[in-house]
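Heads up, the chain below is alone and in the form predicted alone; it's given as structure tokens.
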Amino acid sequence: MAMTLRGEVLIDGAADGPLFRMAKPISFWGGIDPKSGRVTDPRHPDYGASIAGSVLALSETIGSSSSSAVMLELIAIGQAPRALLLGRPDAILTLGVVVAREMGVGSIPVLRVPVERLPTSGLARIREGGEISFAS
């Protein structure tokens, strides 16, 4: 199944990779290993999965002001998702991407999209300006 939609650009950029639509919200602080990108919360349905290299889709996050530090570290060591698709924008998580870009260690696109309308798997391609295409 192929589909295309436009997301609201929070941080512009282009990326592609396997779509990983998380089953439920997560806190990056304590829920994601900042060294590997693996889901470490044993209560989370995606426990053990890796977000590294994915186009990560989250309906929302569970806030922690330390989530930005986790995202910064993931970007700096090359274990971050290739892009973030957020149903509800998260200023703290997005701040980690902004800081990584300002520090010169990298950046990833961040877009607001209706996550419930996205496929649950497949390949995703984000183009500058917010166009997102999905293929199975």
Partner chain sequence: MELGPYETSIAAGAEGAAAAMAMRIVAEAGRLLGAPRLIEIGSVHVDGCLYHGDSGVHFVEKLVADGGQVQVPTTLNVGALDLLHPERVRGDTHFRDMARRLMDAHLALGCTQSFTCAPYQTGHRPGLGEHVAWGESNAVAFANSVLGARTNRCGDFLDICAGIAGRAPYCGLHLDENRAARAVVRTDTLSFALKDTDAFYPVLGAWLGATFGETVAVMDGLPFGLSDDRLKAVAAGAASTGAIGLFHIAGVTPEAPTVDTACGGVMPETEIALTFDMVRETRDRLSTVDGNRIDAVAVGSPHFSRDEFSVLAKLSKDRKFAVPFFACTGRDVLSALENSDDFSVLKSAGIEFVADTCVVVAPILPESGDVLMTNSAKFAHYGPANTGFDVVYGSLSDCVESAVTGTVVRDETIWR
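Numbering follows the first chain given and starts at 1. Computed from a predicted structure; not experimentally measured.
One more form of this protein, predicted in complex with its partner chain, exists but is not displayed; see below.
Undergrad: Give a yes or no for residue 36: in the model of the complex, does one of its heavy atoms lie within 4.5 Å of a heavy atom belonging to its partner chain?
TA: No, residue 36 stays farther than 4.5 Å from its partner chain in the model of the complex.
Undergrad: Please run the contact check for residue 94 against its partner chain in the model of the complex: heavy atoms, 4.5 angstroms, yes or no?
TA: Yes, residue 94 lies within 4.5 Å of its partner chain in the model of the complex.
Undergrad: Going by a heavy atom distance of 4.5 Å, is residue 49 a contact of its partner chain in the model of the complex?
TA: Because no heavy atom of residue 49 falls inside 4.5 Å of its partner chain in the model of the complex, the answer is no.
Undergrad: Hey, in the model of the complex, is residue 54 touching its partner chain, heavy atoms inside 4.5 Å?
TA: The answer is no: residue 54 has no heavy atom within 4.5 Å of its partner chain.
Undergrad: Kindly indicate whether 15, 107 and 133 are, all three, within 4.5 angstroms of its partner chain in the model of the complex, using heavy atoms.
TA: No, the candidate spot makes no contact with its partner chain.
Undergrad: From first to last in sequence, which residues of 21 to 43 have any non-hydrogen atom within 4.5 angstroms of its partner chain in the model of the complex?
TA: Read in sequence order, the residues that approach its partner chain (within 4.5 Å, in the model of the complex) are 27, 29, 30, 34, 40, 41, 42, 43.
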